[in-house]
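Listed next as structure tokens is one chain, alone, in the form predicted alone.
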């Protein structure tokens, strides 16, 4: 039985805790969290304090994730994370790869549903139609990564970001914020719109007194690809999903943890890993069942 450390105990971390508790091949040994709560497992405030584990599941804001992964990998502890800043993933993977190999550990980065499982679908679509165009349309729904980014802006007490699909891979962001006392709305709005999470999209920022009426864990995606095949045929593929955002992210992280324990040292994204490695159970059994 492989032992895991859980880093972060927010919406995703709590669901990872439950999923690992129900798994037959994984076991949690410790938790790192700034919160105070009762737990049957040891709870630490700092990752430096945890005893050795085979792997750590990082349920932390994306901007904190690379440095935390580096520290853990340097100790020989493998990691999985759901880092979601698309433009930086290649560089993060390269950095973590060097550290993981030097310490005989494994990292899987960007293991959420996008980037992550959607990346696998996009890869398969392109394998089926090498020439063509793919579109990824998110929402409508709450984006956890964008909400965390908005809450990190100076002057913001709390925030919620809703993703609205505009078609052909374009999106609108509706950001609802509660200001800290004394903050200027116009200044805060400019900072949010300039943040890399929002800068490329049509973003509207609205000041509210209560976020509860806008909040929902639901989210979704619609992937499309159109392209020509041989002899003049035309292909059109679609993949649609609606899901509870934190619950799905947690499940993918646990599946990625299972896969990480089967890889050679280095850092991987999900498209680099055999799909069977994400599943519980034996290889032969799963081939017989799924092929």
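Positions refer to the first chain, counted from 1. These figures come from a predicted structure and were not determined experimentally.
Heads up, the form predicted in complex with a further copy of the same chain isn't pictured, but that's what we're talking about next.
Which one, 89, 191, 152, 178, lies within 4.5 Å of a further copy of the same chain in the predicted complex by heavy atoms?
By the 4.5 Å criterion, the partner-contacting residue is 89.
Check, residue by residue, if 12, 138 and 141 all come within 4.5 Å of a further copy of the same chain in the predicted complex, counting heavy atoms only.
Judged in the predicted complex, none of 12, 138 and 141 sits within 4.5 Å of a further copy of the same chain.
Taking 4.5 angstroms as the cut-off for heavy atoms, does residue 93 touch a further copy of the same chain in the predicted complex?
Residue 93 belongs to the contact set for a further copy of the same chain.
Classify residue 255 as contacting or not contacting a further copy of the same chain in the predicted complex by the rule of any non-hydrogen atom within 4.5 angstroms, answering yes or no.
Contact check for residue 255: yes, within 4.5 Å of a further copy of the same chain in the predicted complex.
Is residue 125 a contact residue for a further copy of the same chain in the predicted complex, using a 4.5 Å heavy atom cut-off?
Result yes; residue 125 sits at the interface with a further copy of the same chain in the predicted complex.
Looking at the partner-bound form in the predicted complex, is residue 290 within 4.5 Å of a further copy of the same chain by any heavy atom?
Heavy-atom contact with a further copy of the same chain at 4.5 Å: present for residue 290.
Can you tell me which of 73-81, 107-115, 168-176, 202-210 lies within 4.5 Å of a further copy of the same chain in the predicted complex, counting heavy atoms only?
That would be 107-115.
Going by heavy atoms, what in 240-255 lies within 4.5 angstroms of a further copy of the same chain in the predicted complex?
Result: 240, 241, 242, 243, 244, 247, 248, 251, 252, 255.
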